[in-house]
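There is one chain below, alone, in structure tokens, taken in the form predicted alone.
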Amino acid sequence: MKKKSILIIIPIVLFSLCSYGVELDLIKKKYNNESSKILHFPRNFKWCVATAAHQIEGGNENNDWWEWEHIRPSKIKNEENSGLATDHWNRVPEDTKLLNDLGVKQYRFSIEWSRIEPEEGVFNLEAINHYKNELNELRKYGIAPMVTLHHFTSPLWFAKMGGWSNADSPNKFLNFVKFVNQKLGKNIEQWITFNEPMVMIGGGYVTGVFPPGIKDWNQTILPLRNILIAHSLAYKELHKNKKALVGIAHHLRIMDAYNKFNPIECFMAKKLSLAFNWTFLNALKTGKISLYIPTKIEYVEEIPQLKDTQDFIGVNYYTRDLVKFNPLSKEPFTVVANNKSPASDLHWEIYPEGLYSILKEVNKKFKKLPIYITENGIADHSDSLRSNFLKTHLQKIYRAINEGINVQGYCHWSLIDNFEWAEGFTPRFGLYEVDYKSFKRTPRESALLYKEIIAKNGLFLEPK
């Protein structure tokens, strides 16, 4: 090779090597940037979705809500009734495939008491076998059940004897729990005894929008103490399976003053938050029930058997409320939504920061107990808000985990659209849309996002 040719080739080779090095640097930099956009959740974090029997099964004719829907239709928006709901009772294999397609490894669902025990002391083996088959379907796909035993509905016979106001109601519930545990317990390691007991008590005995439709603060005391005792009895029974974890799904809300510079509103917001958010949780920690709302109710009782009867804290989180003082009104304090912020179809403020605050407070009060987000979701018919709702709330959970808060799982509400109690069928909470005429399930865009998050066990942040 001539000397002149070598002189020409050398700079070309050097340039190529330099270019290759620059390209490698760019690729490396791009990779590092991409990695920094991924929020990786703990390896054993449990991704989950949640449902409730009465809201999706259909045909639950023997419970108090079914009667409520038909005797007092004006209590339900558009005078709707649950009817066939989403026909889940006949579509368990189909809906279990939806769970598998999402990639969840845990599913929170409830067992309908009125199906298992339609008459007092009479247990329906066909119904229990149905739930046994559902558990088998879940096992086939490697999905762990998180089973709720009471999700707002009670058998009619139980309601007619006074429901949770009856002194013997804890033992009636325990009989049901014993039967279910005997028949299904070996396949269930995580239980929720009650869903949102303070919502149930508030709706049933304060606002009257839930059965039994009472509006009397003084009548909240018996249901409060009886549900707590029922939980403690169920806790002991379920722990006959030494692997069982037992808790309650607590509805926890942020309550702030409408005007943060108004000391009266700040005071009342604090008191309402203490009553609504922490009455049950504190009782299960200390064995002491303490409920106080100024001008409304004051009740204190020690029941030692309640102490230390939950193995994890279930957190249902949706929104924030603002407490407003109206000095000239018959009701001087009202709870309102923040109309200056983005909101769901139910006009609930979208406030992810509140979830982070709730998790910090739960961790502060109950440091030894793991936390599961047992519900979090949004009514969003157009699916235009749900994906961002999901991402922003998961970012707050990620932040809490990184700060050492022991959040072990997240259940999105809900797998499919459902009958939303007093709101009827209008709110759409599902990752899958349901056509209520054909019962066809169709994945929304947000379902595809959740599926991706689960597959990657992480949240991809969009570059700013």
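In this text, residue numbers run from 1 along the sequence as written. Predicted model only: the values in this text are computed from it and were never measured.
Another form, the form predicted in complex with a small molecule, is not on view; read the next lines as being about it.
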Partner proximity in the model of the complex: Tyr141 to the small molecule, non-hydrogen atom cutoff 4.5 Å | no
Is Asn316 close enough to touch the small molecule in the model of the complex, meaning at least one heavy atom pair within 4.5 Å?
-> yes
Does the small molecule come within 4.5 Å of any heavy atom of Tyr410 in the model of the complex?
-> no
Close approach of Glu196 to the small molecule in the model of the complex, 4.5 Å, heavy atom | yes
From the candidate stretches 61-69, 41-49, 400-408, 418-426, select the single one in contact with the small molecule in the model of the complex, where contact means a heavy atom within 4.5 Å.
-> 418-426
Could you tell me which one of Trp348, Phe179, Trp157, Phe267 places a heavy atom within 4.5 Å of the small molecule in the model of the complex?
-> Trp348
Heavy atom within 4.5 Å of the small molecule in the model of the complex, from candidates Lys172, His88, His393, His251, belongs to His251
